[in-house]
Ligand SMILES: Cc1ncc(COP(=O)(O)O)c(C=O)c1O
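Shown here is one chain on its own, the form predicted on its own, set out as structure tokens.
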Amino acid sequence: MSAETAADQRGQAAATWARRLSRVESRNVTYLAEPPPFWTSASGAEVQDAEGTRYLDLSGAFGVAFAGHAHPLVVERIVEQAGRLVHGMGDVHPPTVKVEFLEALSALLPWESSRAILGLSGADAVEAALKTAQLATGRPGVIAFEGAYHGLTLGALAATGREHFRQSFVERLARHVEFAPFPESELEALGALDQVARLLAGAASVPVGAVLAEPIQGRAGVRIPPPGFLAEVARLARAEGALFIADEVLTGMGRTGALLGCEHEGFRPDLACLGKALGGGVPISACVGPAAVMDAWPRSTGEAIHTSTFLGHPLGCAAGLGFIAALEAEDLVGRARRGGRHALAYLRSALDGCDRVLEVRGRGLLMGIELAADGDSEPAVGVARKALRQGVIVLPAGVRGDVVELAPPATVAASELERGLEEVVAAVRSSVA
């Protein structure tokens, strides 16, 4: 069978699944104008679609598969837990596995004594963090950053600096979030710090209780602030009685070559939001922080003021225990640090001299290739499509779709990663030639 014939058959299968999906899902959710592969299975860094085609996943499925798809330690925990208890009553009759997971997570965190509020998504963790900050400081105001992505629930959306997501719901959003520039150079950092300082000192519409930031803005295009910027923001916040919240949903749990992205800046946040990798592929998230901050929440009197039906879900907690076991047993943090260093060096060398490649940047196994965009073009979208045709999954990022984002599993074999990066380089070069 020729490559063209195989591609046609894959297209036919995807089109069939796309038609079926379009009949039952809101048309807002999945982009179906060019039917994507419909996944049926995945293991390690490999994904298989409904036609049986295999792909190398260098996206980590939005960064979730940091330990790889279907890691054996995660699967083993899920299967064992599913045979005993699938659902509990998280805040009324807690499953014991919730306690075990919280203990294991707490043992990893940088605070001597920590507390957590569990959720199902990154946005859940952000909502809990914003509420925590208001309880701890008594101030509702929030400083966020331009380009930020914190989730699409209403509290998180109010702090998301992307008009594409905000514009349809702006009348429903809280008005107490102020946006500061997110700098990418030392000069820009000076202006951003000045604005943060002024907002904290009283220029905001309401008193500020929280500054919310991603250590690296992933969806905005793997934007990395200058060294020391976030540490100074945290210092300014604390000096004015506000908390620094690190949205570590993408960067946390080892992705950048440190357990938390803030570690690269040499400081601990007052609160951190964790998700994505945390459940090894199963939905679970957490707002975590030191007891001194988290104990701003009142003690439960039988009716929690922040909870949900599936809080501390047994399968999610079991999967989280499996992920933590893999994280420690296989040195995934160190592998991300070393693998990312080699991958970044290769990409920079291979794309050196490519006129429309503006920058190759990254930290650990979170990397971005920024491309020059002409007008309304989205060059990273074209690169992602070309790579997909060669069996490699990457994602476009950035407001203008001008950054190719890579977030491969830490468990990917060196030979697989090398092959995948070669295909990405070829896709970039052919797209911008």
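One-based numbering along the sequence shown. Here the structure is a predicted model, which is why all the values come from computation and not from measurement.
Separately, the form predicted in complex with the ligand exists; it is not shown, and the next lines address it.
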- the ligand: the contacting residue among A159, L271, L250, V222 in the model of the complex [heavy atom, 4.5 Å]: L250
- Note on the structure: If we test each of G151, G340, P95, G147 for a heavy atom within 4.5 Å of the ligand in the model of the complex, the one that passes is G151
- Although the ligand is absent from this view, report whether A123 comes within 4.5 Å of it in the model of the complex, heavy atoms only. yes
- Message: I'd like to know if K276 sits close to the ligand in the model of the complex, meaning any non-hydrogen atom pair within 4.5 angstroms.
- Response: yes
- Note on the structure: Note: the ligand not shown here; in the model of the complex, the stretch from 114 to 122, 259 to 267, 138 to 146, 320 to 328 having heavy atoms within 4.5 Å of it is 114 to 122
